[in-house]
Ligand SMILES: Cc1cc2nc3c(=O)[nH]c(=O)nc-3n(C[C@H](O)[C@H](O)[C@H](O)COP(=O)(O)O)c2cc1C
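Just the one chain here, laid out as C-alpha cells, in the form predicted on its own.
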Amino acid sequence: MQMPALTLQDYRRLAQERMERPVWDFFEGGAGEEHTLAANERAFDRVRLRPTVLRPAAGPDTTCKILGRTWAAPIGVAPMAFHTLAHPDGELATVRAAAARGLPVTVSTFAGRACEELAAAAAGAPLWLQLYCFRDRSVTRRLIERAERAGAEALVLTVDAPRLGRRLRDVRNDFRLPPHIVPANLDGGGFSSPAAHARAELDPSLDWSAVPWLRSVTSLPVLVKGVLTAPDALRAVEAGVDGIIVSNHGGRQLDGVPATLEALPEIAAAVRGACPVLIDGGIRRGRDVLACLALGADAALVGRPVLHGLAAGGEDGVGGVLDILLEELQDAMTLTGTRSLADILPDLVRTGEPW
C-alpha cells in the first residue's frame, strides 16, 4: 500500500515516477550548471525561525489582500508553461484546485488550456495572465484582449527573458513537445521546440517602454516578474507598475544570479511599500512562505511543486500540495506566536549555515 504524501518532497518523488525523463528534465532543469536552481532551495535551508512563546496564536489569520483582492493565504501558483505535459487536464486542474482554496493562479502565455475555460473554472478566484512580449506586438495584444475578455484580473510581464536561458538538460535530450501539446491561447505553429520558438518569436529588444505600452492597450494592473536588484525595482516603481515579482525564473534563465530569497530584502527595502512585492523560487514548505513574508514579501508564488502534484494526481494532487503548504504555514505561525500576517516582522528570522 502506497503511503500518503505528507510533504512536497513526497509529491516530487511520485511525479518523477510518473513522468518520462525528457518531460521531467524540461520541468526540473535549470540554466547552465544549475547553481542558481539549487541556490533557490538552499537559501531557505539557512533560515532560522525565532519563536515568541506564551503568545496564543491558535487558528492564525492567513488572509491577505493583493491588488484589492482577498486571498485565503499569501500563496499563489506561479506561471509555468504546458501543464498539459504533466496531466491531460493541465491548467484546468490547477485552477480548480487553487480556486477551491481561495488561492490565485498566474496562467502562462504558453498554457495548454484556453483562457475562457480557465476563467470559468476559477469561479471568482483571482486569475492573472503571465506575458511574454513577442516581436509582433499584435500577437501579444490579441492574447491580452482575449484574457481580459475572459476575466483575467492582472498581467504579469516577464522581464528576464529577452531569450531563453541555455537549459542543458533540454539540449541533451533535444527536447520536443508532443504533437498534441500546444499553447491553447496562441495562433500559428512552430511550437514543438520551445527554445527555437522563443529565439524566433520573443522580442529581444524589450525595455521599460513596454510598461506604458501595456497601459495603452489594457486597463488591467501590470506586474513585472524577474526583478533581482534594488535599482531595477526602483525603475519598475518609476515606470508605474502595480507589483513586482522577485524571480530568477526558477533558475532557468541566467545561472549564477542570486537566489530569490537572497535578493528579496534589498528589493523590499527599496520599494518601501510603493507596490506589492511577491516572490517565487525554491519554496517547498509552509515555513518558507513565512520566511518570505518576514524578509519583505507580501506573498509567495509556488512553481514546480504544483506540477509535481498535477503529475501525481491531477486536481487532487495539486490540492494536496496546496493543502500541505497551507497547513505548514498555519503550524509555523502558531508555533512562532504569529497571530496574523501583520505580526510577521524581520526579527522573526535569522540566517545561518545550511541544515
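As the structure is a computational prediction, the values presented were derived from the model and not from experiment. Position 1 is the first residue in the sequence shown; the rest follow in order.
One more form of this protein exists, namely the form predicted in complex with this ligand; it is left out here, but the text below deals with it.
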Looking in the predicted complex, any heavy atom of residue 320 within 4.5 Å of this ligand? no
Heavy atom of residue 302 within 4.5 Å of this ligand in the predicted complex: yes
How about residue 280 - does it come within 4.5 Å of this ligand in the predicted complex, if we only consider non-hydrogen atoms? yes
Would residue 307 show up as a contact with this ligand in the predicted complex if we use heavy atoms at 4.5 Å? yes
Taking 4.5 angstroms as the heavy atom distance cut-off, pick the stretch from 281-289, 146-154, 94-102, 118-126 that is near this ligand in the predicted complex. 281-289
Consider the chain as shown here, without its partner, and state which of 243, 79, 112, 74 has a heavy atom within 4.5 Å of this ligand in the predicted complex. 79
Exactly one of 84, 185, 130, 140 comes within 4.5 Å of this ligand in the predicted complex through a heavy atom, and that residue is 130
If you apply a 4.5 angstroms heavy atom cut-off, which residues in 156-179 are near this ligand in the predicted complex? 158
